[in-house]
Structures are given as structure tokens and as C-alpha cells.
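Encoded as C-alpha cells, the following chain is the form predicted on its own, with no partner shown.
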Amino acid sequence: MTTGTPTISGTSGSATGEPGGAAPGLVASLRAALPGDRVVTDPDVLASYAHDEAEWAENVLPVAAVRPRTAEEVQAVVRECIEHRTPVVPRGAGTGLSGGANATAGCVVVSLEAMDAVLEVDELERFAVVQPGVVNDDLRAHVAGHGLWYPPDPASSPWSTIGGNVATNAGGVCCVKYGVTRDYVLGLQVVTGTGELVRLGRRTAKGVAGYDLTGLMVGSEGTLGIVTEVTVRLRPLRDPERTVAGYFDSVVSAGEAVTAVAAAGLTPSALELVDRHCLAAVDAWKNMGLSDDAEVVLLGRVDTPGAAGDAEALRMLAAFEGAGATWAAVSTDAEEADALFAARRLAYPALERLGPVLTEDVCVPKAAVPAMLARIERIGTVHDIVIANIAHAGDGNLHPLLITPPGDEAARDRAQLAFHEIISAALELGGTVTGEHGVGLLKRDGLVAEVSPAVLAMHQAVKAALDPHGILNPGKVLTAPRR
């Protein structure tokens, strides 16, 4: 992670005392309000709380990091920060890729990692109540013991937390069929920007009383409230999936197969694209032997039970072949199929070993996937940047990964130009600047380009109403309103 010269405008702070112009006495007040081990000011420890995984997004050392264990402790932090007019930056596991958890000048980082309990599982109503620090995969394993399943599964699921997933409305491999985090959040407990501890949402299967404040909080990246508890909807465990793999000569032909799958009326439980750059990086790291035969691999899955599922797998195979796959098959080896999907999840950390990686997550209509992939290739060529491609291709959510050699400042500049051109291309094709990583710091200009001035003003009005003191993760998502 690069923490040197920032490329996004902002302010900076010092690592000593109470940096960034923080109100005098804040740290002492926090220590008086909380148990003794909750407040951290050691600069070496603070450095680990200063940023998420977004490459080149500005960050500084916070004044302090607080590691609360209860909602009431989070509330106490927010109230002290209101009193001292100090920014509060909430943080989960720090796996974000947009700078949404990055510390800003004079702020207190609230790390929710210690609030990691599964509080309740209701098998009859099919929901679970969890604290925000529960790791996604840990929740899925826990509810599986009750015969239930939590579908949202971002590639970071072994490490990312439910609170962080809520903050960015995370998706994942199976969201093409089963939806994203917002579709599974029934209720929240939240500390508001005025220091109140409130409950939003419901536990019932239906409910339309009042505005959907729960849905508003999901994806708000900690700018409207700090989530201290989440009630998530669950589904019954699925039948085993069938995997269809196809090899293609180019990302464009693989994109055409994605369109063909949709045109065939199929809703796969997963449809993932992984190119040669990603496979080679995984092989170099894990020696899985996956990069010998294809420029691009398309991985599809169906989970419809019985003969209907068998038929869907064959229709997907026909779509792959009709789009020009050089090889395609329905896998009969579950271990081999799982290895391919494991490689998909390992692609990002594998590529990070090669140098700084600037990560996109634009999303376009499925019909535009081939054109968008072609645009990405051209942008990489024009700017002389290696762009690896992984994608939740089934719903048009593409993750071009811009790779630069360590220490190559010229390549870094070219990569940032390419980054913004990819955003522009996605918007031209009817897409959005972010499918699941969030706006954070890196895509604030993209949000301004995507929405109209009137809609941007609505966003700013909501922010002002729910965070009247302007302390909740300031500078993230929205640029300052024009005066």
C-alpha cells in the first residue's frame, strides 16, 4: 500500500500529540469515557488503521484509534467527537478498495473488529443477528450449521466483515442470481450523527412502515451512521452446483459468451471471468497449473436441482461454444471446479505481489460487456499499462486491475489516467462507476459525472440531515457542496 505523496486533494496531519488540529483534550476525554484498553495512540499501531487497500488513496495518521466492544461504547466515541468537533472514520477489516476507511486529518478511527459475535440465529424466520466485526465466511459457516445460507460472498469473504459489506453494499460471486448485501439486510442498529443509538428496519418477512432508512444506510460507507448490529436474511442451504468452464482467445469473445448466456434466458448462480494475467499470477504464487491453455477462462455455475439443473448446464455449455470457446465442458470433477473458483478469489492478492494494483469495479449492462472489455483493452494499450481482468461477468460488474511496476512514477500517472478513462467508458455505455467497492475517495469525481446536479443535491441534503455536525467519515463519497 502506497502511503506517500497523495494524489487526491485533502489535508494532512502529524503523528505526534493530537495531529491535524484536533480539539485539545479529545484523547483524554475518550479515555475517561471508555475502558482503559480501548483507545490507541501509538503511532506504529495507528499506521495500521490509517488506510484500507485502495492503491494511492490519500491517508494520514489518525489522532487515535478506538476499538469498542459494545454499541454503547461506539455511541460514547461519537458523542465525544461531536463535543470536540472531531471527524469519526468507521472501519471494519480494512479490505476496502476505494479509500472509504482511510483516516483523514485530525480524525478518530473507530475499528469495529472486536465486535465479532453472532448474537442470534432464528431458524424458523431465517435470519441472524450479528455484530459488524463478524467475518463474512465465519457467518456463512456458522449458519450452515443450522441448515441455512447467507448468500453475499465478496472475493474478500475470508477476511472482510459484515459491517464493511453493509457499508459498501458488497456483492460477490453469486450475486448474479441471489442479489447483493442490501437484499439481505432486514434491520440495523446504528449510532447516528447526533450520537443517538437507534434501531432501523424489522425482523418480519414484510414491512413498509415509513421510509426505508435501513436501505439508505446500506452502501452509505459510514457517512450517515455507524452500524453496530446487523439483522440479515438467510436462505436454506443450496443443492450442489454444476460448473461449466470455457477457454477463450480474448476477453471480448468471453464477453460475447456472457451476453449469449443471458440471451439464452439463463440465470447462473455464478458467472466469472478470469484472464491469463490473473491465472499466471495465481500460478506463480500457488503453483496451481491453471495458465497453460487459455487467454481467458469463463466459469459458470448453476444450482437448479435435478434434471432441470443438468439441462441448464448444457445450455450454458452451448452458449460458451456458440460464442467461440476454444474448449468448454461441464465439469465432472468437483475438486477441480472448486480449484478454478479458488483461483478467481486469489487473483487480486496474487497480482498485488507483482506491484501496485489500482482496482476498478465499474458495472455495465450485460449486453455492453463485450464492448466494455474491448474499451478496457484499448485503454491499456494507449496508456501502456498492463490491465488484468477479473469480473462478476454475469451481472456486468467488471474488475480491471491496473498493474504498475514498483517505484515507476510515470506508470503510476498513466494508470491513473487509464483509471478515469475506464470510468468514462462505463458511463458512456450506460453503466455505473462502482458496482460494489463503493465511491470512497477514489470515485467521488465519478459520482459527480454519473448523477445529475439535482440528484447530487439530494445526496448532500440527506448527508446534512443525518450528519448535521459533519463528523461522519467526511470527505468520502461526496465532494463538498458548491456554495
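Quick caveat: nothing in here was measured; it's all calculated off a predicted structure. Numbers follow the displayed sequence, beginning with 1.
If you look for the form predicted in complex with another copy of the chain, you will not find it shown, but the lines that follow are about it.
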Handout entry: Interface residue in the predicted complex among T404, N136, T304, Q189, criterion: non-hydrogen atom within 4.5 angstroms of another copy of the chain
Key = T304
Fill in the blank from the handout: Among V251, V244, A103, M217, just one has a heavy atom within 4.5 Å of another copy of the chain in the predicted complex, namely M217
Fill in the blank from the handout: Here the chain appears without its partner; judged in the predicted complex, the stretch of 80-88, 190-198, 156-164, 335-343 with heavy atoms within 4.5 Å of another copy of the chain is 190-198
Exercise for the section: Answer with yes or no whether P240 is in contact with another copy of the chain in the predicted complex, where contact means some heavy atom within 4.5 Å. Expected result: no
Practice task
Give a yes/no on whether R126 approaches another copy of the chain to within 4.5 Å in the predicted complex, heavy atoms considered.
Solution key: yes
Exercise for the section: State yes or no: in the predicted complex, is some non-hydrogen atom of A281 no more than 4.5 angstroms from a non-hydrogen atom of another copy of the chain? Expected result: no
Practice task
Considering only heavy atoms, tell me if G435 and another copy of the chain come within 4.5 Å of each other in the predicted complex.
Solution key: yes
Handout entry: Residues within 4.5 Å of another copy of the chain in the predicted complex, restricted to 154-170 and counted by heavy atom
Key = T168, N169
